[in-house]
Every structure is written in structure tokens, then in C-alpha cells.
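The chain below stands alone and is given in C-alpha cells; this is the form predicted on its own.
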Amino acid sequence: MITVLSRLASIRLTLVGMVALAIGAGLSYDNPAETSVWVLAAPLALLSLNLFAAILTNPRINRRPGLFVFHVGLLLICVFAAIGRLTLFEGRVEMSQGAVFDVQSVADVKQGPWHNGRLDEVVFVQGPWTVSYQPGLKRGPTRSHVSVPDGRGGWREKVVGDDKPLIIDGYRFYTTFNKGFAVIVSWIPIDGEAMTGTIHMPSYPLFDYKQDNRWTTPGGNELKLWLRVETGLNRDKAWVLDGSKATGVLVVNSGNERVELGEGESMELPGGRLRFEQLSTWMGYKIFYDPTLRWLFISAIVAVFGLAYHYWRKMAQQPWVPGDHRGEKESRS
């Protein structure tokens, strides 16, 4: 048993684990969907086993309190980092103003094999948002207003940003540069009930020149939509993008027919009528879940404390020797 632990504690095994971890980090750069989480989890598990064996068998570690605590902290970091990759969840979602979060709308999903999948229990409602810009369209703070259940049958408002996430059941929702305008339209068929929906336009102001989309009516007529929106955009001055203050005209192209619709206006089409109800907005979120973040921080503090204690004891046992000032006194005399 001791022989097995000694081999597991080998420095060579440590080097193998670190090289494998470096390769895994390179393969995982920018989180490509085709890369398995095991390229990081497996090297971290190997390093955890290596550290555990070293702590048990190496007297230079387990007989020095500071180094012992330091290596325990490193071991916990490796363990929690591996668990974090296996329970990870990442995704993106676009939320229309007034819409309730729907797990079916989440795209670009990447999750670890141990993720428990409780995202369907998350509830919040998207509200209005503003984004501050510096001259040159340098994006500043984003303030996205959302409503979450208060636990008493009502709602309470929160403000979310790029660095201030909405945290629900461990899931973190961060705002992104991906946001823009949407049009709420109604299709009123000749026979039957009217249907209302929301159509997202491309991200704004990134694609301010190309606010277009396509939509096929329930009657089978494909429409080309273009939104002419006024926001007060000024590339040379500080500016705040506020969707509630924007105005827009929806340009509809159906075959050779081109119609401009203001809010509340409609046009006749084969099989029914299309009405532009109002201009709205949408916000894009990055979703992140890792239940080990708090424990990683605590483990890092433990490691730092152990290393600091080790060097404090080492310096305390070997105090500095004051310099010899005899030569200085003789020169002064």
C-alpha cells in the first residue's frame, strides 16, 4: 500500500498531470462545444490523487503544519475545480421585454455530465434596459431591469449588468453586448382568431444599418421586414441607448408591394391582415452555473494561509542578524 502511494506521489506524475492540464486548457480555450469537459476534469483528478498521496507519504509536507495546510488547500482546489467542470452549465438566451424566462429558449448549451438540470425552475420577467456609451460607441454599464418572485406571491425588481448577475438557484445570468429591438405584430386571419407574437431584429447598435428579418405568415406569405428605428444614436458623443425612448417604423415587403407601418397600423395580405402593434426590445444573457465557486475561494484562502504560516515560522526560527556597524564608528572617529 505504501509503495503504491509513493508511486502516486511521484514528481514525475505531477509533471504528467500538469502537462495534461495545460493541453486540456488549450483545447478548452473559448469553450468550443465539441471539446469534452474531461480534457480538464481528468488531469485535475490525476493531480488530486497525486497531491493526496504526497500529503500522506511525504514527511516534508505532513510534518510541517504550514506546508500541510497549503497542500490541503491545493488538493481542495483541484478537487473542486474538477467537480465544477463536471457540474458546469453554460448557455445563452434572448429575452423579449415582458417575457417570462423559458428554458426552451436557451441556445448554445454546454453542460457537464453531472449537471442536475434545474434550470426549468428558474422564473423571472424581463423589463426595460439601458446601455451607456462613451464617444466612439465604447460600451459602458448595462442596466437591465428584471422582476423575480418575492416568495410572498408578488414580485421584486432587480438590476442586472455585465458584472452584476442575476443569481437564481445557483444560475448566473449576465447581460451581454447582444441586445436590440423587436417588433410586436398581430396576424388577423380572415377566418379565425388573431395571433400576436414578437420578432427580434439584429443586435443594436452593432447592426444599426441592418435591422431586418424575414417572417412567414400563417397563410404562407413570406415577408421581408425592415425596422427604421430612431434612438438618438451619436457616435461622437456620450449617449444612452434607452429602448423606451426609441421610435420605429416597420417596413414590410411582400412581393412587389412595400408598405411602411407605424405603431397600430396594418396592411392587407392574402389570407388576412398584419398589424404592427408596437416597438419593443430584447436583451441577450449569458447563463453560467458552477456550484463550486464559493468553495474554490475558501480553498484558495486556506492555501494562502498555510503558505504564509509556513514562511512566518521559517523566518521566526532564523531571525535576521543586525549588520556590523563597527567600521562605520571607526570612520566617524
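Note that the coordinates shown come from a computational prediction; the quantities given were computed from them, not determined experimentally. The first residue of the shown sequence is 1; numbering continues from there. Rigid core (definition): largest C-alpha set, two forms, superposition within 1.5 Å.
From this point on, the text means the form predicted in complex with a small molecule, which you will not see here.
L47 is the sole member of M283, L47, L274, L40 with a non-hydrogen atom within 4.5 Å of the small molecule in the model of the complex. Put simply, of A82, L119, L74, V252 only one has a heavy atom within 4.5 Å of the small molecule in the model of the complex, and it is L74. For I11, a non-hydrogen atom is located within 4.5 Å of the small molecule in the model of the complex, even though that partner is not displayed. The small molecule is not drawn, but in the model of the complex it has no heavy atom within 4.5 Å of Y289. At a distance threshold of 4.5 angstroms between non-hydrogen atoms, N58 is in contact with the small molecule in the model of the complex. At the 4.5 Å threshold, heavy atoms of V302 stay clear of the small molecule in the model of the complex, well away from it.
From the list 263 to 271, 22 to 30, 302 to 310, 289 to 297, the contact stretch for the small molecule in the model of the complex under a 4.5 Å heavy atom rule is 302 to 310. Taken together, the three residues L51, R64 and K314 all lie with some non-hydrogen atom within 4.5 angstroms of the small molecule in the model of the complex. Once both forms are overlaid on the rigid core, the distance between the two CA positions of S280 between this form and the one not shown is under 2 angstroms. Taking the rigid core as fixed, one finds a CA shift for A53 smaller than 2 Å between this form and the one not shown.
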